[in-house]
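Heads up, the chain below is alone and in the form predicted on its own; it's given as structure tokens.
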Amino acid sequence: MTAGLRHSLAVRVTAMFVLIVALAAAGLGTYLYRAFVAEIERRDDIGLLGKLRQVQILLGRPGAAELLHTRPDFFRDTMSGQENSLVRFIAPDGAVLADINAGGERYPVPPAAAIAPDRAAIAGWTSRRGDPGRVVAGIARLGTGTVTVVVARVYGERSAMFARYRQRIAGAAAVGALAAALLAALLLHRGLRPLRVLAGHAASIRPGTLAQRLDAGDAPSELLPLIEALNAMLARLQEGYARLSGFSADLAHEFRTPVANLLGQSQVMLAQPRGAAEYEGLIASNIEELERLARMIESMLFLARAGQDEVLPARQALQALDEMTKVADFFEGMAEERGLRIECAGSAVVLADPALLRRALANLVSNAVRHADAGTTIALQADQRAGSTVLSVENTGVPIAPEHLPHLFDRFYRVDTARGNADGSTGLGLSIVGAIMALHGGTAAVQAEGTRARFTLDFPAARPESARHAAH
């Protein structure tokens, strides 16, 4: 059997079905055979007892003693005249008065039962040819005395009949198993048709047709969970494929502009002799652009690793105000250059990876410093709530239109596309914030009302024992 057939579901089910049918047919055939044999043996025993009773009646008639001596075969003929019928008459002293036994069979003489013995008095024996025989003995009146009458019979034809019956049962079981195999194969082929349709539909789905879903309309109920699981998998594949395609397109777009700038500036600079100061300015400009590209590549690598669950946050209970103050101190100089103030308030314990938490806060504060109006205040707030710790960064600046809010955490998404990357942003800062919150099992969100924009980080609450350690 080839590997394909060995692993075929249809072949396995058909083989099991055939085995079950064969065992059932064999069991039923055995039962019917034994019932048939028992019934035939019962009827033969009753017939043998009837013959014994018939001989006993004949011996009781007048002249039976003379008939026994002159025509002993008469008694055998009374047993349907069959040659396989044996009769023996034994006197009370053990002398054999007559023995009708043409074949010279040797059979046992069971104890003589009453005048009307039952089946329990019948004994079995085997003829010289190996055929089964039955024998019974009874008391009969003969004249003024009694004799023992022994009646035996060989059932050679019965053994042949039983053999033919067994062959027919075996043949019927084999035909039944073969018919069951054909029927099972036909039913399986028809029953597995929905699976073939499903496989064909799944095979037709290509990267460009991931929006298609497997049709569950005519599918049997047993396949509905599988179809639902496959459709859910297709939805995830479609989402991932679309995200990857968009990411590739955004990546090409974001890299094309700085690379073109580097090439253009270098080509213009080399088009004619320049002074040392001009070359230094070009190199400084290129270094600035390369640094931005390096930050973008580092951010992309982080997002790729976070998306593949390769970043494992080392969570620990932290005082949120301390972490916010460290970030605020880092951006204090940049804020002062733009006439901004950074204030931190609130008291809460946050369960987070310290480095990732500072990176998320730094991205939000950096974003606020770039977009806040001069002379305003950037507020960092920590709130302990039931089941979570919420950190927020709020600033006043250019209003954000509502249609932009759902996309602010998307990669390379910019509200003001005209500004491009002139402010040094890679367009990945808020995406990294979202990825960090996903790693912590939390969420990042943004709310805007007028000129006020508020970014919130919602961390799952720290355990009580962790909060106590953080407080110390």
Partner chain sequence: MTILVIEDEPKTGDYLQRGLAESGFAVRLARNGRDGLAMARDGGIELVVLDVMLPRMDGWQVLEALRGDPATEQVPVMFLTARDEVHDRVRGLELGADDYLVKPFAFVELVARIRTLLRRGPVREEELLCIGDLEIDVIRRRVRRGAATIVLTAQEFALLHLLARRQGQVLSRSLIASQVWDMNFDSDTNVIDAAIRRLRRKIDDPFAEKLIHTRRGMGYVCEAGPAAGE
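Positions refer to the first chain, counted from 1. Note that the structure is predicted; figures quoted are calculated from it, not measured.
From this point on, the text means the form predicted together with the partner chain, which you will not see here.
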{"property": "The unique member of I287, A271, A160, V96 whose heavy atoms fall within 4.5 Å of the partner chain in the model of the complex", "result": "I287"}
{"property": "One residue of I100, A317, V327, I122 in contact with the partner chain, assessed in the model of the complex (non-hydrogen atom, 4.5 angstroms)", "result": "V327"}
{"property": "4.5 Å heavy atom contact, M334 to the partner chain in the model of the complex", "result": "yes"}
{"property": "In the model of the complex, M233 touching the partner chain (heavy atom, 4.5 Å)", "result": "no"}
{"property": "Touches the partner chain in the model of the complex: A362 (any heavy atom, 4.5 Å)", "result": "yes"}
{"property": "Distance check, S392 to the partner chain in the model of the complex, heavy atom within 4.5 Å", "result": "no"}
{"property": "Per-stretch contact check against the partner chain in the model of the complex, the hit in 336-344, 87-95, 132-140, 246-254 (non-hydrogen atom, 4.5 angstroms)", "result": "336-344"}
